[in-house]
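Starting off, we have a lone chain in the form predicted alone, written out as C-alpha cells.
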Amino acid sequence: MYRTKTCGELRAANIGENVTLAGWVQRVRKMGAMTFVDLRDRYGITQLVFDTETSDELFEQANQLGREYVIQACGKVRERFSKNNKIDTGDIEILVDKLTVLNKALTPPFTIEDNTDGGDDLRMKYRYLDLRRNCVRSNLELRHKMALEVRKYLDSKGFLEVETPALIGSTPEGARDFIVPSRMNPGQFYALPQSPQTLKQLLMVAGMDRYFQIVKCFRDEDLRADRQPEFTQIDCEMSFVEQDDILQTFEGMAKYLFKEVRGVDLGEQPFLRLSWHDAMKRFGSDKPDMRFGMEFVELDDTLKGTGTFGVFNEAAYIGGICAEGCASYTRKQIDELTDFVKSPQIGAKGLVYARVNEDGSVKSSVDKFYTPEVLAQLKEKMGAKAGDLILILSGDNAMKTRKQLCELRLLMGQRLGLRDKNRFALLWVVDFPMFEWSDEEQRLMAMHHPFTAPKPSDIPLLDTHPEQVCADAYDMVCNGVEVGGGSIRIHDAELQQKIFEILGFTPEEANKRFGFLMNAFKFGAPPHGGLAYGLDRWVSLFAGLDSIRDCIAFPKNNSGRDVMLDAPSIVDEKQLDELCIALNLPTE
C-alpha cells in the first residue's frame, strides 16, 4: 500500500512504530549532515529526517527533492528534538529508511502556503494548486460538513430529498437564462434552471409534503463578490403551511447549523422580524446589517425650510446617521467620506456633516445657513452627544437617497470596527412589495417571482392598486447578507392567472409558459410554501470570507470565465451545424 498513516495523525503515542507516508513535499531544509523534509497531505504535515548516518544514497536522494514532488517515505517514528507546537504532529518526526519519488513536479507558479505570493488571477488559473493550501481546503471541508448537517436536520423534520431536472424550459421572469440547444429538436432550446421553483411546487401537488434538494442553479447575470453564474441552493418546500410554520422550521435550521458547524449558540429567542418598509426606512436596505445601530433619522422637519440652504429646502428626503465618537475626524477624513458618497457607484451629490463639540455646541459644514437654535435641534433629533459626528445626505428621490445613506452607514460601521465577522445578527425581512415597476419593460414586474402569493388581506387590491399589494414573502438576513428567501406560493389557478395578467401576460402566453403548472393546480394543489438558502453564502459567512469564490472548488471570475478551463470557448463549426445554429457576432 502507498501509506499506512496520513501526514496528520501521528502523535507521541506512535513513537517506535514503522510507518509509510505519502504526500507532497512542502519544503526542504538542508542543514549540514541532515536534511529535513515537510511532507504534506490533506490531513496535515509530518517532518521527515534524512541523515548521512542512515544512508549517503538516501541523503543525496532527499537533497534532490523539489517543492510539490509526490513521494512515499518509510521509516520509524521518533521523538522530535525541537518540537513544533504549531502543528498537530509537532512532537514527532520520521527517520526515513526508504524514499520513493512517485512523481516529480515543476516549480509551482506561487507558494503553496496560507500566505501565498499568488494573485487572484494566477491562483484561479492554477486552482488545483490553490486547493492544496490549508486555508482553501478548509473552506471545502466546512462546506462538506454544512451540507451533511443540512441533510441531517431536514431528514429529522421529515423532508424528502428529490432530484429535479437540469434541462428545463426557459422562464421569462427573473435573471437571464443560460440556454442549451437541442440537437434532436432543431431550433429549440432547454434552459438551465435558475431555481427548481415550478418543479418543487409540482412535487407538492404530487403529495411529497416536504421536499428538499441541494441543487445547482444558473443565472446569466452580472457578477459580484456574492454571486456566480452557477451556484448551489438548499432548496425546500412544504405543504399545508403558513408563513409562521416555514419561518420557525428554517429558523430552527439556522440555529442548528450555527451550533453544530460554527459552535455558536444563538439562543432560544426567535429572530427579529422587520417589514420591508421598515427596513428600507430605518436602514436603506432590505438586508440590513444589524450588528450595529446607526439607524437613519429623517430630518425634513428639522432642516427643510428652517434655513437658507437651498439643497435641503428643495430635497424630497433628508436623512442622517450619527457616528459615535467621530467628531475628531480630520478634514482629510471628511473629504474621503465625501468622495466616497460622490463616487459613481454611490451617486450622491455631496455630504453635509456636523460635529458635536465637547461643550455641546454644534459645528457644521452648513453653519452659515442655520441658526444655533436649529443646529441644537438637529443634535437633539439625532440623539447625538459630545464627541459625535452627524453625517447627512439629501436628494430628490427618497429611495435612492436612503440606499446611498445605507452605503455610508456600512462604511462607517466597518471603520468603527462594528462589523465583526465573528458576531452574527440574524433577522427575517417580511412583507415585501408584490410588484415593482420596471422602466426598461414599462410594466409591473414580480419582486420575487410570479408564483409568490399576495398577503390574503391585500388580494382585493389586485384589481385596484396592485402596486400597494404586499407579498407573503420573507428573506433571512445574516450580517447584511441575504442568505435565503422564499414565500407562500399561489395554489389557486384563478389567482395565478390574475397575477399573470397584472404582469402583462396574455392568457395564451401564460398558458404557453406555465400551462403545466396551472393545469396541475386544477387537480388539487395543497396550500404550500418554501424557501431556498444560498449554500455558498452560508459557507462564506461561517468561514469569514469576503467572497463566495473561496468556498467553491472551481469558481468563475468576475467576467464569468473559468480561466483554468478557458471557458466559455469557441466551439467547432461542425457542432454548430449539427445544432442548426449560425453565429451573428457583433462587429467592432
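Rigid core: the largest C-alpha set superposing within 1.5 Å between the two forms. Residue indices: 1-based, along the sequence shown. Remember, predicted model here, so these are calculated numbers, not experimental data.
The form predicted in complex with another copy of the chain exists for this protein as well; it is not shown, and the discussion that follows is about that form.
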- Item | Contact residue in the predicted bound form, from Phe189, Phe369, Tyr256, Tyr329 (heavy atom within 4.5 Å of another copy of the chain) | Phe189
- Item | Proximity to another copy of the chain in the predicted bound form, single hit among Leu426, Met445, Leu202, Leu95 (heavy atom within 4.5 Å) | Leu202
- Task: Work out which of the listed stretches, 461 to 469, 416 to 424, 511 to 519, 291 to 299, brings a heavy atom within 4.5 angstroms of another copy of the chain in the predicted bound form.
- Result: 511 to 519
- Closest heavy atom of Glu68 to another copy of the chain in the predicted bound form, within 4.5 Å or not? yes
- Query: Applying a 4.5 Å heavy atom distance criterion, does Lys287 contact another copy of the chain in the predicted bound form?
  - Reply: no
- Query: Is Arg561 close enough to another copy of the chain in the predicted bound form to count, meaning some heavy atom within 4.5 Å?
  - Reply: yes
- Using heavy atoms and a 4.5 Å limit, would one call Glu324 a contact residue for another copy of the chain in the predicted bound form? no
- Task: Residue by residue through 17 to 45, tell me which have a non-hydrogen atom within 4.5 angstroms of another copy of the chain in the predicted bound form.
- Result: Ala22, Gly23, Trp24, Arg42, Tyr43
- Taking the rigid core as the reference frame, is the Cα of Ile570 displaced by 2 Å or more between the shown form and the other one? yes
